[in-house]
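Only one chain is included here, represented as structure tokens and corresponding to the form predicted on its own.
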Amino acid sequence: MKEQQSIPTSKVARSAKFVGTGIKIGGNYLKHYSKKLFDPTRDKEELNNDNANDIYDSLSQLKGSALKIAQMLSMDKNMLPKAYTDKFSLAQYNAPPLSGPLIVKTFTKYFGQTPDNIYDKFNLSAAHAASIGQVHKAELNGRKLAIKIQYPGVGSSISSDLKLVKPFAFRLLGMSEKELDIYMNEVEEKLLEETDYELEVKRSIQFSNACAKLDNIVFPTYYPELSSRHIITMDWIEGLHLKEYLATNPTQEERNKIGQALWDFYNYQQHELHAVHADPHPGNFLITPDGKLGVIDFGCIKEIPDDFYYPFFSLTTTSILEDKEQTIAAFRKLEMIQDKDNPQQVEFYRAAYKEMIELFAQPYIKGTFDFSKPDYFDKMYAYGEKISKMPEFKQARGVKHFIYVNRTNFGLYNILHDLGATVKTDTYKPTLHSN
């Protein structure tokens, strides 16, 4: 892949990049509708491909929060046309990397020394490149290491980038402005955490120790003394990313083993720790040669407060949904039903959200669940498509914690679907009452 020789870091340079992209998109629409005059049956496939390519090319050069938004959107296969999700998924671990000389300059700025002065060996060609940083292979005292280096200017550009991304997101997602503001504010808070690599190292050690009891999962050792706010040094884990792993045609038993490890990893955190690795995209995982799940990134952690956890998960594992008054009470706690709603609105939202949660909860209820079956995902996508067209859902509803909890769980479901795994879903159950 072609390396990137520079990265825009000033607000002016980054803004100019967005403006240029907007002009290209305008040209794509003009081209599309000009062709449609001569061919009224023409669909939007070419337009979507052109826009996806132009937006991704721009965001991949900017890196940071702009590219992170693309990565997040690629995980929701129901939110955008396929052209966008396919292109944006490259941001998970296959973005254009920064060049070797630029990395040395960046490393020296952040660490005060060149890589060669710290490690015995350091490969200037990136092994992986994503939205916030890229990873290089190194060696020290006989140990193989992974060095994650944050792109320059990423942390300081988050707020301004999100303001620039907002018009694109508004058009792509079709959210109301209030709903988009809630989404962007929560995303900004988490992105600021993701750019603090000292916090990531601390959390990585904390969560890998807490999850060490789980079967068939491995974590790298982290080295705080060789890390900083913008650089992380950890053990190199050999393995394949999901797409590469599936290309080896693993057996159903092997896929189930990885799927079970992934399910246990997420649900142990949610239900035992009440905090969860909230970035379930394939770039954060490796399948090792001995068939275990390697977890290599803890940059995004979502703490789940009790006032969200108990009402939400009680709906997924008990008979509360069959009790109208209890359901409405839980929905009010979660702000899915609001004080201003009239009786007709209360009944409408109760029925709509009941249908949604019954779909979401099916894996929890059945004890063993086959994620390979397309019917379940077809129903979820059809439901999402249905409510996206309802005027009642154009305004924001639900507390902000839904954004990352939903992203976590549906991201998990999608990876399990891609794996085609059947897993036991009763290994770590929701706790229904606080101590």
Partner chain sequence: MLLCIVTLVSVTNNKSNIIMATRQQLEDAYIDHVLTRGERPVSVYVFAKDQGITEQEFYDHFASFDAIEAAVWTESVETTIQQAQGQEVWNGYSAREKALSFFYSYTEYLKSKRSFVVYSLKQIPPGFLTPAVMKGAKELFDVFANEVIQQGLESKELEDRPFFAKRYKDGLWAQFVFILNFWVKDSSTGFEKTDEAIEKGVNLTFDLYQRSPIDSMLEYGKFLAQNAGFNFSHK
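Numbering follows the first chain given and starts at 1. Heads up, when I say rigid core I mean the largest set of C-alphas that superpose within 1.5 Å between the two forms. Bear in mind the structure is a predicted one, so any value in this text is a computation, not a measurement.
Not on display, but discussed next: the form predicted in complex with the partner chain.
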| item | value |
| --- | --- |
| One stretch from 274-282, 255-263, 153-161, 327-335 that, in the model of the complex, holds residues within 4.5 Å of the partner chain by heavy atom | 153-161 |
| Partner contact for residue 230 in the model of the complex: the partner chain, 4.5 angstroms, heavy atom | yes |
| Interface membership of residue 289, the partner chain in the model of the complex, 4.5 Å heavy atom rule | no |
| Proximity of residue 363 to the partner chain in the model of the complex, heavy atoms at 4.5 Å | no |
| Contact of residue 199 with the partner chain in the model of the complex (heavy atom, 4.5 Å) | no |
| Listed residue that, although the partner chain is not shown, lies within 4.5 Å of it in the model of the complex (heavy atoms), from 244, 116, 323, 215 | 116 |
| Answer option from 315, 187, 98, 135, heavy atom within 4.5 Å of the partner chain in the model of the complex | 98 |
| Yes/no, residue 103 Cα shift of 2 Å or more between the shown form and the other one with rigid core fixed | yes |
